[in-house]
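Here we start with a single chain on its own, the form predicted on its own, put down as structure tokens.
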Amino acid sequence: MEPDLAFFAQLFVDMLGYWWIIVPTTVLGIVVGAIPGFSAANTIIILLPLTLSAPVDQAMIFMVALYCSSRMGAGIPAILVNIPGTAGAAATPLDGYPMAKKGLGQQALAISFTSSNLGGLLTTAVALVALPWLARVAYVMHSVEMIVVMLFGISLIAAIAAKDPLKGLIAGLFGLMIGSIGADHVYATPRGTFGFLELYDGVPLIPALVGLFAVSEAFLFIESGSILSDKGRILVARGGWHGTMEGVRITLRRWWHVTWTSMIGLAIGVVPGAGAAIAAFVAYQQSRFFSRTPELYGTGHPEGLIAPESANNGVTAGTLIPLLTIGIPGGATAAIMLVVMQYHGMPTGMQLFSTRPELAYGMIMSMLVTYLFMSFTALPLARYLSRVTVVPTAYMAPIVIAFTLVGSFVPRDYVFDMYLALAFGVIGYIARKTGYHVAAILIGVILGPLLEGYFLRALRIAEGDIMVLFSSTIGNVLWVFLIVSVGAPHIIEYRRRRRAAKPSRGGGE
């Protein structure tokens, strides 16, 4: 059947009727997302018997609501204590945490929640209307195109390295080197594992993530009495709802910024296996490139927070599209959804749309309703959650280390991962004290293995011909955009310096 406006209206009303599932699940998802190392996939696996025993429509609504809310919750520790809850929130601390240190944590959380909700609502609405066309993106984005997309994210290292290019590039290359640890993609020969079987699958992401950001930050906490600056403590002490409302206003005034960065997330989310981390880094890089004030990024700039939060919530709608249209899960959570659907005997692909359209479109509609409910459940929390920053670091440091060690253990149940998180914490601490940016290291760790995998896959398909990287029309267009986005800032800065060096025409002796 071809869905019409009446079909979508009735579906929307039906999803509102499941408020008793969506509201408590969003609260659970925000809590889960705020705990480093935990994710929607982990929680759904724990609660898998519940989803298998419940009716399929209720089970899917539960999983979708948990997925969306945990994505939003991951930004909370990233902003307040510099701990990304998941890889998708890895770009959030770049500007979110500096805002919190200035005493603007409440405002930063409001910006995060508002941009997440708006990005999620917008991309979900687009996914409902443009589902048949978006499904084709998964067919045209192959290895070559994904190589260029990931290079957009890796080029962010160059932007981070602008103040000290040598240290920035060293940090990025160090991250790429760490990312190459594990069995290689062709012969499965172990590289750099030092005999540890736990590293044969590569460096686990969560221990690296929480170690570089959280544990190293906890070590720095010990050296200081407070997360906040002196001015920041005064701002937080004043309290009130003004910070929340100001954060909402800042985001609404930048509605166009929310729109196009969330569309980046939607497009990348449609590609199976791409993930929120790629979307967040690419959106941040593009946001900085098109900004009139790129020098403000990394200092607590609102647009530097809006971009990754809009993009990683835009991914959520995109992830469902390949699952529903071609039966290929776009990520770990979507893979569990596929298992539950198969258990209940539900088909995938176009057969699902012809036999159970209310379930296929209902999953996306439930995402839309979830974001609507989260607008009222998450935003009021900003005022109270921001008070975390006033906790003395003597108490904060051990709490952060304890939570991060537990979070690093959860994904694989290896005690080895807890030691690995501590090791990355030491690396991150040394990097911070010596002027190296841990975000540049993390970009290499996350995107390096993915880039290598796509690169080797493209070469194998082309039988070793390196020119395959320029064999795609879409890929060539992306190459041009990449060269422009990397080279243009340097050209603009060069021209600005030349104009500044020229004597004014009206001057003279």
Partner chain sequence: MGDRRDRADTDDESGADGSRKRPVGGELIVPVGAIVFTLYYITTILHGPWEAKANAYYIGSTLMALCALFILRTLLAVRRGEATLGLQRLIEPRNLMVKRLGLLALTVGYIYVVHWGGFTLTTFVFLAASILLLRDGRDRGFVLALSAALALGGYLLFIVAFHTRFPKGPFEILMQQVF
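The shown structure was predicted, so the numbers you read here are calculated from the model rather than taken from an experiment. Numbering follows the first chain given and starts at 1.
The form predicted together with its partner chain exists for this protein as well; it is not shown, and the discussion that follows is about that form.
_At 4.5 Å between heavy atoms, only one of the stretches 120-128, 423-431, 346-354, 378-386 reaches its partner chain in the predicted bound form; which one is it?_
Partner-contacting stretch among the options: 423-431.
*Within 4.5 Å of its partner chain in the predicted bound form, heavy atoms considered, which of S180, T325, Q286, S143?*
Selected option: S180.
*Name the residue from M245, V339, L296, L169 that puts a heavy atom within 4.5 Å of its partner chain in the predicted bound form.*
By the 4.5 Å criterion, the partner-contacting residue is L169.
*Residue contact check: L173 to its partner chain in the predicted bound form, 4.5 Å heavy atom*: It does: once its partner chain is placed as it appears in the predicted bound form, L173 has a heavy atom within 4.5 Å of it.
*Looking at the partner-bound form in the predicted bound form, is Y419 within 4.5 Å of its partner chain by any heavy atom?*
Judged by the heavy-atom cut-off of 4.5 Å, Y419 is in contact with its partner chain in the predicted bound form.
_Any non-hydrogen atom of G240 within 4.5 angstroms of its partner chain in the predicted bound form_ = Outside the cut-off, so no.
*Does at least one non-hydrogen atom of V186 fall within 4.5 angstroms of its partner chain in the predicted bound form?*
Within the cut-off, so yes.
*Enumerate the residues of 89-108 that have a non-hydrogen atom within 4.5 Å of its partner chain in the predicted bound form, in sequence order, or give none.*
Sequence-ordered list: Y97, K101.
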